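Okay, so we've got the same protein chain twice, two forms, each given alone as structure tokens, structure 1 and structure 2.
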Structure 1
Amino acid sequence: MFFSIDKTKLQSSLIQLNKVIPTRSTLPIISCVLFDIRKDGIELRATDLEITLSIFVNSEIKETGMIAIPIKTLLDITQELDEGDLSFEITDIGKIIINTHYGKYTIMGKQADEFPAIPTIDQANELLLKSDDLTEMIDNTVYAVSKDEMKPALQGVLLQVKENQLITVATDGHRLVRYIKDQAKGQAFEGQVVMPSKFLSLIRNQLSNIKDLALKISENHVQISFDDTTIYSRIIKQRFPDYESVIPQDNDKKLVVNKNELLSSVKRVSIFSNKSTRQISLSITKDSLTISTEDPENITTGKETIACVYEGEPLLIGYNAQYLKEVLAHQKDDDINVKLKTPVSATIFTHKTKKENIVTLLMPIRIND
């Protein structure tokens, strides 16, 4: 097999592919990039068995074929070479000869049939999305995904299409985010799928220069394609909990507070909170909100008061400062709307516009007497 490829194109593709490849594995084949050399160009593919990334590169092909090449060596050599074309020659025994104007390098490849097969997306349903919308969906939900392996369904983001609405939900049991986008009209896909957060984080980094994209959803995989890149991911085959039933509808106490003021206060006060519980308390009255913490173990305290508008009986409620900070940081309004009920019931943060509706639920923690 013979082919030549532009060094810059190859290098940038390899950098992308390297993000998928695990640093250590018992399977030597997945530390390789598969070169699928076709008539019109080369498809480069890498996988960690959960996510498969494929990049198509136009290049000059003399002979077609397939070979798996260890990515580390290839990436190292491309980083040390100047711009220009690299020509590859692959012998029958899988020896790869790279010819450059500096000299000649050889490396042993692996048989392509050992490389994991490309996921089959048969009978897929397509979901057409704007890149910005997908970015929003990811940014507003992924932070709430659980890291607990005991709750596998919560390690992903639920994507649901129903009644012309695109709904994404993530929860870790302590907080929950439901993001609704009103633009699912005419979509081929109707149903739900739980996508791993790793997949969403990977595609999030690639969405900046893209306008429209198609998400294909099949029984076992999701696939997203843009430009010359295709990303496949396995999906989480677990039942996502009934999130609607945990969002309270009867929170009658309303709080409006400046997001930045509250967030910076929480950040400062939480420095003095207990390192394991991260407990802070919010004492809410008609026009003031007092954020305080106390750590008897290390004899530290913190207290700040900010202005707010509150309708309801005075309330003292405790939160994990870390969770509260993350929730506040992801609120879009300058003045956030919070709905509360009792010190032990879930707090709701809402943001609603014509196009989107975000509900964030945060569970309080019981304050020690």
Structure 2
Amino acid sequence: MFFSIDKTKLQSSLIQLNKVIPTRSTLPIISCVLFDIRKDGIELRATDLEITLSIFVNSEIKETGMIAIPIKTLLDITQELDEGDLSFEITDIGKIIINTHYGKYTIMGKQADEFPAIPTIDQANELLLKSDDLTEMIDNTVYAVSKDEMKPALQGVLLQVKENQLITVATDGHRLVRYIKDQAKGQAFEGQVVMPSKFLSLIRNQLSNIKDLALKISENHVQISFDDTTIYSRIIKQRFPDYESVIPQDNDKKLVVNKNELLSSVKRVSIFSNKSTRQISLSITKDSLTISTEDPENITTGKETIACVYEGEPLLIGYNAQYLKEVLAHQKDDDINVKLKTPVSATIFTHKTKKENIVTLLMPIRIND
């Protein structure tokens, strides 16, 4: 079997495919990229058994066939080669000979029949999306997804489609983001699905030059295609929490503060916080907000005061600095609106325009005496 492929196209495809391949696996075949060599080009495919990424590359084909090639070695050598075509020869026993103007390299491939089959999308519903809307939905939610493998339902983003609204929700138990985007009526699909954050991150990398796209949703999988790339993912079938019930409706203390001033203060003060708890406290009065921290173990303290506008009784409340920084960084307004109640009640950050509504919930932590 013989084929040649442009080095730059191959390298850029391998970089994308490498994002799917797991760093550790007991199944050696998924450390490979499947080369499906056809008359009109080559389909390159990688999978971690949950997500599958397929990229089609035009190339000069002399003989069709399929072979799985270890991605690390292939990516390493392409990064060290100059521009131009690479010639591949695959023997009957799966030895791969790569010819370049520098010389010749050989590696062993694996049989294509060992490689996992491409997911089947049966009886799929189609959700039409604008790439800008999908970008906003991903950027405003995926940061709050849980990384805890013991909580699979929280490792994805809930997508709900209701009449003229798209709703996306993410939570890790410490914070929650609900993003609502108005859309035109007429979608064929109404319902909900929980999509893995890894799938959404892969999509996000592809959206810069795309205008409109279609998300196909079946009982067990979702699929999205653009240009020569197709991404498949299993749906998270675990039940997503009832997020509406945990968003407080009675937070009666209102704080307005400049986002950049508060974020900068939190970044500086948190340097002196305990490295395990990352605890900082906010002391809020009518016109000032004091951010402070103390770490008795390392005898460090930090304290800053900034201006604010506050309606309510003075309040002292503690947060994990890392969570607070991420929440603040994702607020859209220069002056952010915050609703509070007690030192142990969830804090609400709000942003609302005619076409979008974002509510962010952040749980406080008890301040050490």
Partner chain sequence: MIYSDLILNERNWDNLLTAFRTGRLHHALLFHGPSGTGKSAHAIELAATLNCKDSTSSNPCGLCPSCKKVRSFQHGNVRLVLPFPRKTNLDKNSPSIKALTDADLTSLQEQMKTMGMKPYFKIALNNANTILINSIRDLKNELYLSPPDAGGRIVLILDAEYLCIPNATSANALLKILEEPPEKTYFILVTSRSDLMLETILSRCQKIYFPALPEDAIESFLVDEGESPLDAHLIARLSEGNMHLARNFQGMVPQLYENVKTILNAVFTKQPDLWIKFHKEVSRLKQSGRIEMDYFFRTGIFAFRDLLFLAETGNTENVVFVDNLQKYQSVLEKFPQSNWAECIQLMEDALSFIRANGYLPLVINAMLMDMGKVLKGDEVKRFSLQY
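This one's a predicted model, so the numbers in the text were calculated from it and none came from an experiment. FYI, numbering is relative to structure 1, first residue = 1. The term rigid core refers to the maximal set of C-alpha atoms that superpose within 1.5 Å between the two forms.
J.: Is the form predicted alone structure 1 or structure 2?
T.: If we ask which form is the one predicted alone, the answer is structure 2.
J.: Does residue 37 belong to the same rigid part as residue 126 between the two structures?
T.: No; in the rigid-body motion between the two structures, residue assignment puts residue 126 in the other part from residue 37.
J.: Given a two-rigid-part description of the chain, what is the rotation angle of the smaller part between the two structures, in degrees?
T.: Here the smaller part turns by 13 degrees.
J.: I need the CA movement of residue 72 between the two structures once the rigid core is aligned, reported in Å.
T.: C-alpha displacement of residue 72 between the two structures: 5.4 Å.
J.: Residue 16: how far does its C-alpha move between the two structures, core aligned, in angstrom?
T.: Once the two forms are fitted on their core, the shift reads 3.1 Å.
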